[in-house]
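One chain follows as structure tokens, the form predicted alone.
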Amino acid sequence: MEDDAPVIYGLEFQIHIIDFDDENNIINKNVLLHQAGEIWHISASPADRGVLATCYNRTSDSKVLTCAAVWRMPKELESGSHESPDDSSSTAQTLELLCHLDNTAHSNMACVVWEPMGDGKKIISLADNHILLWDLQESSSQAVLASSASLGGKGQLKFTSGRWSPHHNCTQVATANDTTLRGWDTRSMSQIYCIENAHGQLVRDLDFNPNKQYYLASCGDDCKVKFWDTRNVTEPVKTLEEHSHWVWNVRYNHSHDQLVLTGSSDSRVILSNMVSISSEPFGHLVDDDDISDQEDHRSEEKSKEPLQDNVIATYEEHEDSVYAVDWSSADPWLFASLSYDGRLVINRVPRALKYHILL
């Protein structure tokens, strides 16, 4: 990864800033103390590489509450570190608290989601059955609740995950609760679509296709990964059943949306090529002006049929449940996975597939 795009992951009361030296294949680490409590969710601001949000546990009146806050890391760490990974003399530094996402009526935060475009001043938190839209003001030192909405229905409904769409001028958010997926318009905080029984069991995660609007991926405890067109939610456009236990994470590649990562408590990471429902189902189409007539003919023959979906690779370096997978924001061919035992693994898309996509 480049210096300006470190990997960030949480380890109980610590946050580890990971800098991957691509040329020397070395991982460097810096530790930040998160003294507020045990971290359950972490997300980095897309606009400010030094700002992040966490959901964490704290005890109040013998009750465990999950809170959320926005933090800034020390400036010297924002651009990455070049320390040796074996340098044990380095001391942990402390995060600077910018603001709490405080709302006494909604005390159990499931996750925090940043607006994917813009200046990083809008943030959504999911707390119990409430979706809360915040405006960060005064250099993120103050969070003002701009609007909110609630789940209605029988029982104790609780959000489990959410994702902000990069399309439609960033006015749509998708959420998961139990087995249901819902879409929300952030301008009115009203529901715009609902996929009931999207999965047979709890929905764990979801992600929007970055290059193809309306397309949404979800995964859950039924061991399945499903792909949806939110204009027609009667059934998924595609379903993957490659995992043998709960699927905790699904992530589209930021640049090449046919590449989809999934992580599961079967201890495996699977890289799939979902080209048939990608933004380039016929592969990369070359401009007519750039090729000869003979090559043009071969290109036309090749592009008549969509490429086939398939599993590119299954990674089994983990010995415990894989709870997080994500792509590098600096290198589209690089991705990381994190398992329950604290093992972080960095992998690359196979070179043959990389050149097939590019050429």
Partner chain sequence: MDSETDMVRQIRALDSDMQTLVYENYNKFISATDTIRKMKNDFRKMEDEMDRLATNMAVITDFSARISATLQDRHERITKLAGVHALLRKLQFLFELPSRLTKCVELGAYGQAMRYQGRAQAVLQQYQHLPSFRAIQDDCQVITARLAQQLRQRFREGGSGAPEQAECVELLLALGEPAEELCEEFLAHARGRLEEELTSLEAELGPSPPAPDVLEFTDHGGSGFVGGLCQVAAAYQELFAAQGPAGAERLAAFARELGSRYFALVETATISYILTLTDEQFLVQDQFPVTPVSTLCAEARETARRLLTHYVKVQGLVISQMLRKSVETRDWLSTLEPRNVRAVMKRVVEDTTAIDVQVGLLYEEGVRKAQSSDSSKRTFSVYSSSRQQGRYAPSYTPSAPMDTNLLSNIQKLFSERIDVFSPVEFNKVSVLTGIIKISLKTLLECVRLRTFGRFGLQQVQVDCHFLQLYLWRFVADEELVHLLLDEVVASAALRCPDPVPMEPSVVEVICERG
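Positions refer to the first chain, counted from 1. Everything numeric in this text was worked out from a predicted model, so none of it was measured.
Separately, the form predicted together with the partner chain exists; it is not shown, and the next lines address it.
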Handout entry: Heavy atom of Ile26 within 4.5 Å of the partner chain in the predicted bound form
Key = no
Exercise for the section: Look up in the predicted bound form whether Asp341 has a non-hydrogen atom within 4.5 angstroms of the partner chain, and give yes or no. Expected result: yes
Handout entry: Partner contact for Leu202 in the predicted bound form: the partner chain, 4.5 angstroms, heavy atom
Key = yes
Practice task
Answer for Trp333 alone: is it within 4.5 Å of the partner chain in the predicted bound form, judged on heavy atom distances?
Solution key: no
Exercise for the section: Report yes if all three of Ser43, Ser148 and Asp326 come within 4.5 Å of the partner chain in the predicted bound form by some heavy atom, otherwise no. Expected result: no
Practice task
Determine which one of 265-273, 226-234, 182-190, 119-127 lies within 4.5 Å of the partner chain in the predicted bound form, judging by heavy atom distances; exactly one does.
Solution key: 265-273
Handout entry: Contact residue in the predicted bound form, chosen from Asp135, Asp102, Glu196, Glu241 - any heavy atom within 4.5 Å of the partner chain
Key = Glu241
Exercise for the section: Note that the partner chain is not shown here; using its position in the predicted bound form, name the residues of 314-332 with a heavy atom within 4.5 Å of it, in sequence order. Expected result: Glu316, His318, Glu319, Asp320, Ser321, Tyr323
